[in-house]
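Just one chain follows, in the form predicted alone, and it is written as structure tokens.
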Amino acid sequence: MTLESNLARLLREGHFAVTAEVGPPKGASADPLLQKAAALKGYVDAVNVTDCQTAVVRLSSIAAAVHLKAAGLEPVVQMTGRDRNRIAIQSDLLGAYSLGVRNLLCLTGDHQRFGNHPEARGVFDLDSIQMVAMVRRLGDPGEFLCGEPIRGERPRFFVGAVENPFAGPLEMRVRRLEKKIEAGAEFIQTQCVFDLERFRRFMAMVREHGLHRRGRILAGVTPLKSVRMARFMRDQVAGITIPDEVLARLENAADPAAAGVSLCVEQISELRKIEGVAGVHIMAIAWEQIVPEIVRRAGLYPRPAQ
């Protein structure tokens, strides 16, 4: 029996959604993952499970999602096209759906040269837009990419994609977002927002095209734990813009971590005022235990019941 995901229901009903993100461990034990789950339970509506993020080998995102589901959290499985061709992707998606996974985030994937196996061969059979279209086709009309019909239950995922409002011209980013929504993306998670003015301009263009009515936009936020982290993200992570005033605030703070949390809470408050923003995606990198404090201080707790 097909069941609607909790995240899909909350967004459909107009609730302001809160999602978080966890990276599976670099080992076969689920204990580190379950420790993160214990911190997040009750404070978020769903949890992204990264798929070998930055091309570093980790526990399977699908296996990790099953562990999180057993721990009482609703997973959002990330699926990249870097490591799989269309046969493997469709097979893995059938398996994930059979295990109770209902939310899927489609990504092209970080290039393998950035990871711990730079000599690996990238697959990149499908990009994220093509993958979104394929996943929607699996659910309706219920056929594989080759056109062969699915036998038995169709995997009807709540399908998401990502967008970066800070990489390249805004017009190009909005057009790319439109392509993903036209392909069938039902929700969008953005890169972490530090430059609120640029994000407001991005959202104004999103509204001009009516895209906020066709796909739910979840704005990404990241609590900055230190000045070093902020500088690294500004200088080394492509597609992230951190304004000078944000960096100065951390540099002048007696407790940079506390200042980073306060800044994140303030950013959420501003994002909630922007028409078309349907929720926030909190990416607390290796700092998942801070998410409950952020959610409480942002006035987003308690969460709607599942």
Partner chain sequence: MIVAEAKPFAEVAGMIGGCRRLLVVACAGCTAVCGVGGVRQAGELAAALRIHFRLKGLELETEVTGVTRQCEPEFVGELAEAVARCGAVLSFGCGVGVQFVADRFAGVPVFPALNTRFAGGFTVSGAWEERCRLCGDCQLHLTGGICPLTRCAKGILNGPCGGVQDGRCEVGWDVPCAWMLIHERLAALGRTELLRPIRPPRNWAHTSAGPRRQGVSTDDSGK
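Numbering follows the first chain given and starts at 1. Since this is a predicted model, take the numbers as computed values, not measurements.
Keep in mind that the form predicted together with the partner chain is missing from the display, and what follows is about it.
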Answer yes if any heavy atom of E178 is within 4.5 Å of a heavy atom of the partner chain in the predicted bound form; otherwise answer no. yes
A238 within 4.5 Å of the partner chain in the predicted bound form, heavy atoms: yes
With the partner left out of view, is D127 within 4.5 angstroms of the partner chain in the predicted bound form by any non-hydrogen atom? yes
Using a 4.5 Å heavy atom cut-off, state whether R136 contacts the partner chain in the predicted bound form. no
Among P223, G160, G109, P75, just one has a heavy atom within 4.5 Å of the partner chain in the predicted bound form, namely G109
Among R200, R231, R207, R86, which has at least one heavy atom within 4.5 Å of the partner chain in the predicted bound form? R86
Select, from the options 67-75, 94-102, 149-157, 117-125, the stretch whose residues sit within 4.5 angstroms of the partner chain in the predicted bound form by heavy atom distance. 117-125
Given a 4.5 Å distance limit between heavy atoms, list every residue of 162-183 close to the partner chain in the predicted bound form, or none if there are none. N164, A167, G168, P169, M172, R173, R175, R176, E178, K179, E182, A183
